[in-house]
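Only one chain comes next, encoded as structure tokens, the form predicted on its own.
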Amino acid sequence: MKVAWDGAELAFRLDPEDEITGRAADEHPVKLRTSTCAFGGVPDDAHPDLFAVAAWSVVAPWTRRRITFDRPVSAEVAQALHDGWGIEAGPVGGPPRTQGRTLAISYSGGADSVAAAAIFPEAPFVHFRRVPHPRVPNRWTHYRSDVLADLAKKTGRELTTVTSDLEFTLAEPRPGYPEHHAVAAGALLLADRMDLGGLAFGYELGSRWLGGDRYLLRFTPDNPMWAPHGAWGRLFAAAGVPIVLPVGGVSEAVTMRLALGSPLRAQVRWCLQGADGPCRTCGKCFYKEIIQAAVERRPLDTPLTADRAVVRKWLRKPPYGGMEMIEYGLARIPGVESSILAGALDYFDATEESTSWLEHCYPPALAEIPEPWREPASAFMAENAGLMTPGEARRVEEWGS
């Protein structure tokens, strides 16, 4: 793979051994559509390591043996690429980037992201906004990136919005990130200007420790995407922007509760389709409604019926990603036995006691947070969630076994 930057525009060319259809870090197949993308709202003079990691977040699925950058990278970044992916990177010869002092939040506006923001109320936001590609038709016109960006502006927090058409590099499965980490490409290019020493994401317990929906459905301490000792964690750290997961030890029930109690409650939006509010009919709306109803101890409020595909997904026999939150909802939603979730009761024997571990924080997640942000995150969790007991922690560690 050969990559070149013209200002903030990235172009890449496959080597003979590279593949049009590759796999992301979570093993999901992704097919290449076009080999260019651009970023708006970022400088064109970032450290070479930042350009390299930003480019890798886009091209990694299709690169098989080597990557050639258009400027020398540090030995540290080259080593991280070799150790994590077996990729020979070059040219090598630049000095490493010095880690900054500021923590920024990769802000999506969803409940998990808002919960992370609640822990660090002074941290600036970097928001990614999809924009059209000049040569690729938009096959996902219902995605309201404009609404999400406008809500981010209303938070009152220090905000930088990065625009990019990088999601159109994909032909299949649909416009989306080649790697989950590509959402941070703009933040990486801003790292020098913002003096970034860490980038916080809203990934929670299910994403960090319980596998997630697309790749593993078991306890994953060596999560390939988010473990600090994993390939991506080491690469970001080599570029002086370590990954920080402030809510990596708590469930979506806790992040929902924190978000709904946050000053940013009015700006919380997980739906990607609604204009004046959540659409209430997409799969994400229904899943989050289950969690919100459980947190608020109220009946489900949805126009959906049990025959809809977005509902049937949660009525099938487990295992599946997110099932811990279905258990949590079944144990707490009043009248669930007569709701559209009633069919799920056939597969679970959930009680408040059996799901109480999902209301507390898994201590090893706090130990992963880099200094100087570990102490404030730990204090926040101790006060607002409490730490899991050893028995509750075992529930995490035995997940999927």
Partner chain sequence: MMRVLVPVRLRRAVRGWFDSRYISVADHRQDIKDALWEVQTLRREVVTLQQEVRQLTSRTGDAQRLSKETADALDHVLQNEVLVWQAIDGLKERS
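Residue numbers count along the first chain shown, from 1. Quick caveat: nothing in here was measured; it's all calculated off a predicted structure.
The same protein has a further form, the form predicted together with its partner chain, not shown here; the description that follows concerns it.
Engineer: If you check in the predicted complex, is Ile20 within 4.5 Å of its partner chain, heavy atoms only?
Structural biologist: Flag for Ile20 set to yes.
Engineer: Answer for Pro137 alone: is it within 4.5 Å of its partner chain in the predicted complex, judged on heavy atom distances?
Structural biologist: Yes, Pro137 is a contact residue.
Engineer: State yes or no: in the predicted complex, is some non-hydrogen atom of Cys279 no more than 4.5 angstroms from a non-hydrogen atom of its partner chain?
Structural biologist: Looking in the predicted complex, residue contacts with its partner chain do not include Cys279, since no heavy atom lies within 4.5 Å.
Engineer: With a 4.5 Å heavy atom cut-off, would you call Ile340 a contact of its partner chain in the predicted complex?
Structural biologist: No.
Engineer: Pick from Leu32, Leu366, Ala38, Val336: which has a non-hydrogen atom within 4.5 Å of its partner chain in the predicted complex?
Structural biologist: Here the answer is residue option Leu32.
Engineer: Using a 4.5 Å cut on heavy atoms, which of Ala306, Val92, Leu159, Ala171 is close to its partner chain in the predicted complex?
Structural biologist: So the residue touching its partner chain in the predicted complex, by this definition, is Ala171.
Engineer: In the predicted complex, which of the stretches 219-227, 128-136, 196-204, 320-328 has residues with heavy atoms within 4.5 Å of its partner chain?
Structural biologist: Careful reading of the contacts points to 128-136.
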